[in-house]
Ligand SMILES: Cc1cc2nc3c(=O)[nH]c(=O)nc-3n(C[C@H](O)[C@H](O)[C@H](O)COP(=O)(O)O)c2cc1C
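We begin with a single chain expressed as structure tokens, specifically the form predicted alone.
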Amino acid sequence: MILEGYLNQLKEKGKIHIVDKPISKKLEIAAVLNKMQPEPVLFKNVKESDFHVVGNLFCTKQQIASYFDIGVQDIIPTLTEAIERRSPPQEVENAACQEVVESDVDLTRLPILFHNEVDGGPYISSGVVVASHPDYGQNLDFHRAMQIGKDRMVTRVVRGRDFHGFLEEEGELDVAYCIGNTPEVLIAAATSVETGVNELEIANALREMRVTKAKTVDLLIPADCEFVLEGTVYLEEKQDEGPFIDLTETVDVVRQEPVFEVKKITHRKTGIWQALLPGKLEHKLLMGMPREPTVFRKVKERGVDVLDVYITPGGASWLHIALKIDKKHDDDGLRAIEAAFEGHTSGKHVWVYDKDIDIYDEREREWAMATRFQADEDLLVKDREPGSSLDPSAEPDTKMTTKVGFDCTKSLETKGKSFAKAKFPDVDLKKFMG
């Protein structure tokens, strides 16, 4: 689906705010989006650009579920099935994202947002990056990029990911930064799958999509995205990147990172720039939620009857994992913890709960830990190992951290105690209250 088509649906339902007054891409748009989240906002009068800007589109699981016309409880099964039953998208020649091919590259014409006073410059934060390797084929990922000139950016390349490995091996990579995507592409780009899996096939399994050949690089790109920045990332040419607000809402350090030379810009005639507030709800959801099916699969492979997985916002939607299981064996909780760490290696703390606990309710999670957890029996402390580069408390460079799991499930042998909450009778208040 073209993003503008989805925005029209939101307009018809009255679920998007329209800002017609002049507003700046420097700080002002980001400030409004922050105040308005999780409600979508469309800015139609950007002072420094002819293009509209939209943000806060997919801040909640309900917004994602509504897009796919499913219930929130169906998200993990839907993503899991898409990973397992991926399929090649249709290739087309006349693509919406190439309605306009800019003759001269000038990034200053685009509404690339300056999000925060601490930022090192204007940043692309919603760019889905398409790259390729001669042996493994195409790869999709998210890489933020800071504008440093009319045709140059510096892009954050996280060590250990496929893109980093490809770049180290090849020395330079042709890429396409695709901005203005709907959830099938956004979620697929954020999934954690084996090297060599083309995430565009996952996107197509979520909802049928189209791809097209890029103009100057040998890549297949989402045909219906809003903007495409084609060019090359150079391993040896580096510039300062940052500061920038990270997923944990802390300020990331300045690093020397590879330069991205933009050689061609294409876009829809009425292209709409997709903003993504760094460290806020949409950023968290699109980072954490696609990892939940991976955790789900790993726990299931361990023989544990897992019912749900939630990478929680309080843990920056990255470091904390909550699991709901139907406990059948005494060691199910501890086995689920081990599997969860395998499924999401950036996870730092894992909690496991029984099926009667609403893992989306912080009070219920805390209650379960208070009444069903004993540290000498239910606490799993792992040896120090690499965690997440996003964790400011982890050891710099090595990412070494201590990972801990909490089995908050009730004992199968109750020994006369009750672990269930007492329930009050239900009543129709209209009978007594009018």
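The model shown is predicted, which means the values in this text are computed figures rather than measured ones. Counting begins at 1, following the sequence as shown.
Another form exists, predicted together with the ligand; not displayed. Remarks below refer to it.
Colleague: Can you say which of 143-151, 167-175, 73-81, 267-275 gets within 4.5 Å of the ligand in the model of the complex, counting heavy atoms only?
Modeller: Going through the listed ranges, the match is 143-151.
Colleague: May I ask you to check whether residue 217 falls inside a 4.5 Å heavy atom distance of the ligand in the model of the complex?
Modeller: Result no; residue 217 lies far from the ligand in the model of the complex.
Colleague: Going by a heavy atom distance of 4.5 Å, is residue 162 a contact of the ligand in the model of the complex?
Modeller: Residue 162: yes, in contact with the ligand in the model of the complex.
Colleague: In the model of the complex, does residue 158 have a heavy atom within 4.5 Å of the ligand?
Modeller: So residue 158 counts as contacting the ligand.
Colleague: In the model of the complex, does residue 139 come within 4.5 Å of the ligand, counting heavy atoms only?
Modeller: Residue 139: yes, in contact with the ligand in the model of the complex.
Colleague: Only one of 348, 344, 283, 324 has a non-hydrogen atom within 4.5 angstroms of the ligand in the model of the complex; which is it?
Modeller: Among 348, 344, 283, 324, a heavy atom within 4.5 Å of the ligand in the model of the complex occurs only for 283.
Colleague: Taking 4.5 Å between heavy atoms as the contact cutoff, choose which of 212, 181, 198, 125 touches the ligand in the model of the complex.
Modeller: None of the others qualify; the residue that does is 125.
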